[in-house]
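One chain comes next, on its own, written as structure tokens: the form predicted on its own.
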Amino acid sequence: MSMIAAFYGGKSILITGATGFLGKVLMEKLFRTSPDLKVIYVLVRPKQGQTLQQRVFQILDSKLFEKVKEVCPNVHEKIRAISADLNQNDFAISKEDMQELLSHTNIVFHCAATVRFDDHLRHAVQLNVTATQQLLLMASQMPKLEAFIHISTAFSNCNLKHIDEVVYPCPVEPKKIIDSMEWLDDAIIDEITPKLIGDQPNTYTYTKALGEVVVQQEGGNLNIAIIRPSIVGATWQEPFPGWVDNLNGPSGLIIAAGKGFLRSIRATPMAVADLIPADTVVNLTLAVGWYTAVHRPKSTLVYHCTSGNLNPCNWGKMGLQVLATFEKIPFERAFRRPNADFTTNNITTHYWNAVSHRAPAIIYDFYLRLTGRKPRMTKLMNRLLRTLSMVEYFINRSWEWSTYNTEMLMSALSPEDQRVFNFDVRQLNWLEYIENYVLGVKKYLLKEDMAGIPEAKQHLKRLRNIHYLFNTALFLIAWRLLIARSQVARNVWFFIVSFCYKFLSYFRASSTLNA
């Protein structure tokens, strides 16, 4: 019998960010392993033309929850959608809903955040810092609360090479940052942002670090834990391999490469690609929730959910695995999702790559116009290159994360809990995982039909030929201009031509003699 699964039975659980990728996987696991839980409260932002319940039903009707419906047929009755907006004071929650949350909540999983690397500092502070502060205030008024679990990121202190499972102090107090965001105008914030974030690469990592300090400072007497996952990717095992529904992490790059739009990026091949499956993060999160509530640690424990120190896979190896999978599972010719968006993580390519990526896209758009179709490749490529420019920092560096608390927790679990809530990444087979990831992007994210593989191969071949043709033409033009301007280049060119002529003459003469 799983102690963790039994612990969540009969509990009332509040999840922020439940409509996001990680939040959905967390809900699915809770319902599947603890179908007798009392209720899951989800904070849902009102959306025009759609009721809160419709949004929840839309989530539950996805393939992700197929197994849940078998073990928990009344799952619709166990989700309570609360109208909320994390950008507003008190989250704009009604008095009646607030009273219900404060009176009944046993566990809080705070997953909500903005993960945009290029987000404006004011918005990033509001969602990643101020909202955390307000949620802690709510939690302090919950008499039945047993644990508050805050999901941060392993990159919250990425300005350091070695990162321990501790909360690091920030140069400026979070309260001062929060207060200043209320009265400074956007122009001033834009001007001071580089100075505030210092050696942090973007507003996301900076505000996540601030959020951790807020948790530590304002947690009071609450039982709190912080979980720091690295790059969250598709599921490894549960509820099935390869499930993914957004373009965060490597998913956008996989699509771009699979479609033939992305031919090269600037990355350090030996840098560790610290990818972690979503279900691994969720299993650790639920185990931490149980441990924090039952064992009540004296201080706020930080848990790293990373793979690089236990089962490393570098970017070069991962890229080869992705390409090997493409040979078996190519992507179809066009996006099925009209609202596909490449925003999230970014990687910078150098000037030549930027030109050689954009120009084939322009040529392909010209072809689309000639055939009466809407041009879209240039727009997608510009978006992709903007995305690539942001992730360069992360794919050219490696970090060392200590995992003492995570390993301690693993040893504290029973054999049954280690099986049901497995977060041991040493068991992960990267080749198998990446293949399932690519297949999952194709099936669940793009919703492509596997029967379209022959057409997809032809499309990739066309894009590849366009890319090679353009690069060849660009090289010849550059070489011709160089010859026209440089005597040295002309001498080299004449030497090459003369050598090739002599070689062919010798080869022809040898063939004649042998005949």
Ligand SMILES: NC(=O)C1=CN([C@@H]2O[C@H](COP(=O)(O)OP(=O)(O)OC[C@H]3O[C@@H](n4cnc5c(N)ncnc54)[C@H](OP(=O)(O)O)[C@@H]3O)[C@@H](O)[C@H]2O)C=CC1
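The numbering used is simple: start at 1 and walk along the sequence shown. What you see is a predicted model; the values in this text were computed from it and never measured.
In what follows, reference is made to the form predicted in complex with the named molecule, a form of this protein that is not presented.
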{"property": "Clash check, the named molecule transplanted in the model of the complex by site C-alpha superposition, 2.4 Å backbone/C-beta", "result": "open"}
{"property": "Triplet Lys144, Leu222 and Pro297 all within 4.5 Å of the named molecule in the model of the complex via a heavy atom", "result": "no"}
{"property": "Ser398, Asn159, Gln418, Asn248 - the one with a heavy atom within 4.5 Å of the named molecule in the model of the complex", "result": "Asn248"}
{"property": "Of Ile226, Val441, Ala84, Val425, the one that lies within 4.5 Å of the named molecule in the model of the complex (heavy atoms)", "result": "Ala84"}
{"property": "Stretch from 43-51, 485-493, 62-70, 26-34 whose residues place a heavy atom within 4.5 Å of the named molecule in the model of the complex", "result": "43-51"}
{"property": "Heavy atom of Leu22 within 4.5 Å of the named molecule in the model of the complex", "result": "yes"}
{"property": "Contact of His304 with the named molecule in the model of the complex (heavy atom, 4.5 Å)", "result": "no"}
{"property": "Any non-hydrogen atom of Lys208 within 4.5 angstroms of the named molecule in the model of the complex", "result": "yes"}
{"property": "4.5 Å heavy atom contact, Ile107 and the named molecule in the model of the complex", "result": "no"}
{"property": "Partner contacts in the model of the complex for 148-174 (non-hydrogen atom within 4.5 angstroms of the named molecule)", "result": "Ile151, Ser152, Thr153"}
